[in-house]
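Each of two forms of one protein chain follows alone as structure tokens, named structure 1 and structure 2.
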Structure 1
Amino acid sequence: MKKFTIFGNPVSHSKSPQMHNAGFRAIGFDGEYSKTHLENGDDIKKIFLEGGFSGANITLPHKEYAYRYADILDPLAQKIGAVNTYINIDGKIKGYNTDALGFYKSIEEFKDVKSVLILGAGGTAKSIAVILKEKNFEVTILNRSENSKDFFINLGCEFYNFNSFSKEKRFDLIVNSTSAGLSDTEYPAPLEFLESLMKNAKYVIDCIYGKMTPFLLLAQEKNLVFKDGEDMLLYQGVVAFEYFTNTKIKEDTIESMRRGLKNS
């Protein structure tokens, strides 16, 4: 039986095991996916290899450690600077970033999007900005601080903080990649910006999943098409699952994984 795990701290809340195990069962794959609490990110390579894992996912706060300790990097992971998936290739670790493609798949249903505003400039914003630039979208970042400004400018994005931003700008899609709304009732940007931006936007997505954040409630009030981050979570798992099992996933297996994700 092949062993897989998710490394995180905390990790007890993770739904990745139930999602991947449901997928393994659906295709009759002889694998088992567990959770591993990892205190120190510097130990990730040792624990992965000594644990005899064939693959793993990596969640907060270890994605940059996972990047550092991979032997080989997928080009997308290299560009983003963070890894959320490990594959064991004969004792060498290959690192991927499936958050980027997961996000991209989750917005496929949004048609006629050219310009995207990403709220936030953390790890998730980086993976989203990299994939959107690769797919030729116009990408603008709005963050409360100037953290990681150079990364986004070098990528070809526009970058603003709350002082330099003009609320008259127009975007087709607005993405919340901040953690505002996760365990508080904050908006990711000043309300007057969001009110104005949502007048002109077509779509809104929040990377936070499983709850109506203040940001999504505002989108609902403005009658915009919106969604939370559940599909992003599912599809990052789907892309990782294809690497884990070395198969091309079928639609009914994706639905099994979605049901696995929803089972609590």
Structure 2
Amino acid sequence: MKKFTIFGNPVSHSKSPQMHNAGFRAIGFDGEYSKTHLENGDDIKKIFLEGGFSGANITLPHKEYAYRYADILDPLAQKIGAVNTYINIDGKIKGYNTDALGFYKSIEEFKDVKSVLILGAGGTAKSIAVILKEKNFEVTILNRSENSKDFFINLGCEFYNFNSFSKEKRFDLIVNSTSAGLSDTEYPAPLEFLESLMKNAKYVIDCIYGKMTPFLLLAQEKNLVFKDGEDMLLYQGVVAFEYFTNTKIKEDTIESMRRGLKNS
């Protein structure tokens, strides 16, 4: 039996195991997917290899550590600078980023989106920004600090911190890529910023899934179309699943994975 896992901190909330295990059962694949709580991102390569894993997913806050410790990088992961999927190839780790395609697939139902504001500047934000710029969206980053500013500027995005940002700016879609609201009641940006931004927005996405975060509750209060990160999780998982199993996934298997996600 091949072993797979998800590394994160926290990771207890993750629904990736039930999604991937449902997919494995659907195609008769001899694999088992678990959760691994990882405190120190610098340990990811050691634990992955010593654990005998054939593949893994990586979630907050370890995607940039995963990038650093990969032996081989897929071109998209290299461009993003963050990895959320590991594959063991004869003891060498190949790193992929499936978040980018997963996010893009998850917003296909949103119409007339041209300008996007991403809250946060970590690995998830990088993957979203890269795919959106490739698809010719206008992308702006709003972050607490100047971390990774050069990456986003070089990509062609606008970048602001809370002090330099104008609340008068307008965006069609607002995305929370931070962990704010995952295990607390925090907003990803000052409340007065968010209230001003949501006056003119059409859509809101929180990359956190499985709960109504304060960010999503605010979007609901403002009568915006909103969604959590479940579709992004599903579609990035579909791409990772194909790497894990070396198969081309079929629609009925995707539906099995979706049902697996919804089983608590």
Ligand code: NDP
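Residue positions are counted from 1 along structure 1's sequence. Please read these numbers as outputs of a predicted model, since none were measured by experiment.
Asks: Tell me which of the two structures is the form predicted alone, please.
Replies: Structure 2, not 1.
Asks: Of the two rigid parts seen between structures 1 and 2, do G95 and N163 share one?
Replies: They occupy separate rigid parts, so that G95 and N163 shift as distinct bodies between structures 1 and 2.
Asks: For the two-rigid-part motion between structures 1 and 2, write down the angle in ° by which the smaller part turns against the larger.
Replies: The smaller domain rotates by 19 degrees relative to the larger one between structures 1 and 2.
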